[in-house]
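Next up: a single chain in C-alpha cells, the form predicted on its own.
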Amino acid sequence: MGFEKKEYEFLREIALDSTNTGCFINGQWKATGSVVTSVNPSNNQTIAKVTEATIQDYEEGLQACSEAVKTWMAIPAPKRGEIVRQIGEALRSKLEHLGRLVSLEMGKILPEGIGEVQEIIDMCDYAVGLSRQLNGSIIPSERPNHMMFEVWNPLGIVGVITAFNFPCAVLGWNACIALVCGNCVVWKGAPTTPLITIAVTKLVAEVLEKNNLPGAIFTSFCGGAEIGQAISKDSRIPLVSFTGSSKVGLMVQRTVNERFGKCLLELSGNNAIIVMDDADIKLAVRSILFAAVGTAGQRCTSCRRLFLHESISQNVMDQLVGVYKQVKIGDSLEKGTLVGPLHTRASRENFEKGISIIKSQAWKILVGGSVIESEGNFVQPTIVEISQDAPVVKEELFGPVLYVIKFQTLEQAIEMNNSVSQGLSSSIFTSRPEAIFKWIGPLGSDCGIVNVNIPTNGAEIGGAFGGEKATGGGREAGSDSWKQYMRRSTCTINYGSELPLAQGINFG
C-alpha cells in the first residue's frame, strides 16, 4: 500500500494511517459505510483507505450538532474567536505536512498545497478580529422616545460542501466565519480527498477537546452524493454553502429553496483576460501563464479565455507559446514542477474529449493538445486559436486549455467577456485610466471579481470571493460576507409612555 512508502511517512505526523475512519460525530471518530481508496493522481496508486459515512451516521451527527448549537451560541463572540485562533495555531503547527498532503492527494504542486493551508490559517486570523466587529446599526426612529437598531444572531448550523480542487481552503472561508458568528459547522469534504478532510478535522477536534467544548460543534463526513443530498434537504441546517459545478449547484439550490433555506453557491467560472494594445506584455504573459496552467487549470478562477488586441496578438502568442514549452510537468511533490496531474482519470478523459471536439472543428492548436502517457493523469497545457462563436468556448473545460481570440476595440472585448453564462473572475491589462474605469464600472465586466494588471486567480481573503450568473452569486471570505452566516433582526424599543405609530397613523 502506498501509505507504507517512505515518502509518505509524514502522514503519521498528522494522525493518518493506512486505514482511517471518515466521520467525526459527537466528538468521536466512527463510520459504518463503504471503504474507499484515496489515490495519488501523480501515479494513481493507493495512499490509504477510508470508511465513509452512511445516512445513519449522518443522522447521529446532526442530532448531536443540533444540541451543541445551544452551547456554542451562548458563548460570547470574542471567546468564540479565541477558539478559532487556537484552530489557526494548530493548523500553523502542521502547515508543511498538511500542504504536502494537499499536493499528494489533490495533485497541485507543493507551493500551491502549502499556500492553500496558509489560506485557512489566514482566515482564522481574519475571523479572530472579526469576532469583535459583528456590529449592527443604530437607525434613527421617526417616533419620539423610540430606539431602532439591528441585532445579528447566529443561524444555528452551517453546512459546508467542498470540492476537490480546494479541499480545505474553501472550508476555511466558510467555517472560520461561521464559527465566530456562533454557528456549528457540518462539513462534507470532497469524496476524492478524504484524507485532507480527516487531517483537518482532527486538528479542530483537538482544540475543541482541549477547551472542554462539545466535539459536535464541528461535525465532518467523508462520503458521496447521498450525504450532500441529506445536507441539502435537512431543515436543521439553515445555510448550505456548496462549491462545485453549476449543474449540481442548481440542484442543491432548488432542494434548499424548497425548504426555505439559504444557499451560498460558488460554482463554475469561464474566466477571461483582456490584453489591450498598451499593456505591459511581459507582465501579461507571466500572469496568463499562472492563471491558465496553475493547479493544472483546475481552479474555478483559472483563465479559460484570452482576448488579445489584434495589434499585439502575435507578440503575446509568440511569447506565451515559448513559456508554455518550458513548463515542467510532473509529480506534484517534485521540486521544480509547475504543472502537476489532473485530479482523476475521469478528468483526463474529459480533457481528451474536449481536445477531440476542438480538433474535429479544425481549430488551431498552437501548443499542447495531448495527454502524456504515464501512470498519472498528466496532460499538456494547451493553447487554441479559436473563434468567440465556437460552442466549446462557452463551456468550462476543467483543465489547462486556453482559448485565444482577437479583438479590435475595448467594447468588443467587454462584450465577449460578458457573453458566457458564468461570471466569476476577469482581468484586463492596460495602463489607460479610461479603459480601467470603464472595465470596473457598470458597462464593464459583469463578474464578481474584476481585476486590472493581475491574473484572474490568486484572490486575497480580505475581499468577498464569488461570482454572478451561473457562478451562483455567493460571497465568501472577507468584506461583509459574514452577514450571510447570521440572521438580522430590526429591533425597536419604546422607552416612553405614549404609543406614536409609524407614518403618523392615528388609530384612535
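One-based numbering along the sequence shown. From a predicted model like this one, the values you see are computed outputs, not experimental measurements.
The same protein has a further form, the form predicted in complex with another copy of the chain, not shown here; the description that follows concerns it.
- The shortest heavy atom separation between Lys188 and another copy of the chain in the model of the complex exceeds 4.5 Å.
- Taking the partner from the other structure, another copy of the chain in the model of the complex has a heavy atom within 4.5 Å of a heavy atom of Glu89.
- The closest heavy atom approach of Asn135 to another copy of the chain in the model of the complex falls within 4.5 Å.
- Another copy of the chain in the model of the complex is not approached by Thr19, whose heavy atoms all lie more than 4.5 angstroms from it.
- Remark: all three candidate residues (Lys262, Leu338 and Ala502) come within 4.5 Å of another copy of the chain in the model of the complex, counting heavy atoms only.
- Exactly one of the stretches 72 to 80, 309 to 317, 397 to 405, 364 to 372 approaches another copy of the chain in the model of the complex with heavy atoms within 4.5 Å, and it is 72 to 80.
- Site annotation in the model of the complex: the residue of Ile231, Ile109, Val170, Leu179 reaching within 4.5 Å of another copy of the chain with a heavy atom is Ile109.
- A single residue from the set Ser431, Ser356, Gln412, Ser387 has any heavy atom within 4.5 angstroms of another copy of the chain in the model of the complex; that residue is Ser431.
- Taking another copy of the chain as it sits in the model of the complex, the stretch 276 to 299 comes within 4.5 angstroms of it through a non-hydrogen atom at Asp280, Leu283, Arg286, Ser287, Leu289, Phe290, Val293, Gly294, Arg299.
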